[in-house]
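Only one chain is shown below, in structure tokens, and it's the form predicted alone.
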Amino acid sequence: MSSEHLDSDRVISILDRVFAGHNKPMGLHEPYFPGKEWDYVKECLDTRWVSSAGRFIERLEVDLADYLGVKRVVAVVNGTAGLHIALKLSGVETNDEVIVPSATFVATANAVAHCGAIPHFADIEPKTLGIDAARLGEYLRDATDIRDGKCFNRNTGRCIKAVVPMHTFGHPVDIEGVLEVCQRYNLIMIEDAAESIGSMYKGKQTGTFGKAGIFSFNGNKTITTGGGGAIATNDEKFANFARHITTTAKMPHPWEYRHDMVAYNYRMPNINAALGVAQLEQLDTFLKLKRSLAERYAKEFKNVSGLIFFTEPESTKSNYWLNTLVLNNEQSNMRDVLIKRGMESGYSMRPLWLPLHTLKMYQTCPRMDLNVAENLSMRLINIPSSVFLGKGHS
């Protein structure tokens, strides 16, 4: 099939039809504040509780833990900080290796590097866009040895300590498959659920399967605190240590500043948490609106030659954080053409991230064969996905 079979004019006309009446230019995923955000933020300003203490931080942690069905949540300044702390508290040390997908946002690998460890890149599977558990298991069988209960990379001699699966664009990865691989090779699993709040795998919330799950509340996420993140876990000791180390390891005392270890200033400010509390109150409504938009996209793009609209994997329920078009292999040369046409027409679009193993700082890191990540990086396009764009389509 040649590129002429993919009609860029038709793609733009579909977007025009879907978004008739909406203002342009249109962002990829803009925040939406229809609830009590103004009231809660004003309370912070009126009471002057705007920094790293206040009732909204505590309420966000309790409400989110209740929503996810976990024992504890620790609010932090962003998802990257959450990943860093979760890996550190899981025993990831200097010169350890941590398996991460090559097709993910750079923060996943950066958090590993912040621990002094080395990202070890895994490939993804087309049906989930997340780590290919079956292929990872086969790769580890051939590339590692188990000694004294630990997994070692035969080529580097380093200990492989953990795996960080990521739920790409909100679509749940084969988390049971990844967990089975982790159990087989004595690896800790930390879920990068930065993009998948509200997504379900076999009826259970993403971010609740591993030692800890990490969420992001950046301004472009399904719900936002402006900037922020959270660590979710069922391990009380882990949560207590995470709280301590993210608040400069300050010891309780009425006035003295005593600290018992080198730690981090990663606590989420109360004014950000106020936004998050209001957003979380509306999450179920937001998810319905996003699903409505995804269903409209799926219907409109169903018979367009040269591409498919990516839908949630079997046995999952996605939050459809970012809606995605997948070009046929023969149409990969049209990726940038479509993105440029979309931007010129007032629609923000973007490709998949550059595979992380191609970035300068990570080119020498260990890796399995990454042909799927490399291929899909040339064929994926994210299209406008803001919550409010689902209004009128339900």
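Worth saying up front: this structure is predicted, and the values here are computed from it rather than measured. Numbering starts at 1 and follows the sequence shown.
Below: the form predicted in complex with a further copy of the same chain, not depicted.
- When a further copy of the same chain is considered in the predicted bound form, E58 lies well away from it, no heavy atom lying within 4.5 Å.
- Although the partner is absent here, E37 sits close enough that one of its heavy atoms falls within 4.5 Å of a further copy of the same chain in the predicted bound form.
- By the criterion of a heavy atom within 4.5 Å, S52 is counted among the residues contacting a further copy of the same chain in the predicted bound form.
- When contacts are judged by a 4.5 Å heavy atom cut-off, L275 counts as touching a further copy of the same chain in the predicted bound form.
- Looking at a further copy of the same chain in the predicted bound form, residues P126, F301 and S305 place no heavy atom within 4.5 Å of it.
- When you look in the predicted bound form, the only residue of M368, V326, V70, I339 with a non-hydrogen atom within 4.5 Å of a further copy of the same chain is I339.
- Out of the listed residues R296, R135, R243, H114, H114 is the one that sits within 4.5 Å of a further copy of the same chain in the predicted bound form by at least one heavy atom.
- Contact annotation: a further copy of the same chain lies within 4.5 Å of heavy atoms from the stretch 98-106 in the predicted bound form, the single such stretch among 136-144, 98-106, 184-192, 202-210.
- Scanning 237-262 for heavy atoms within 4.5 Å of a further copy of the same chain in the predicted bound form gives T248, P254, W255, E256, Y257, R258, H259, D260, M261, V262 in sequence order.
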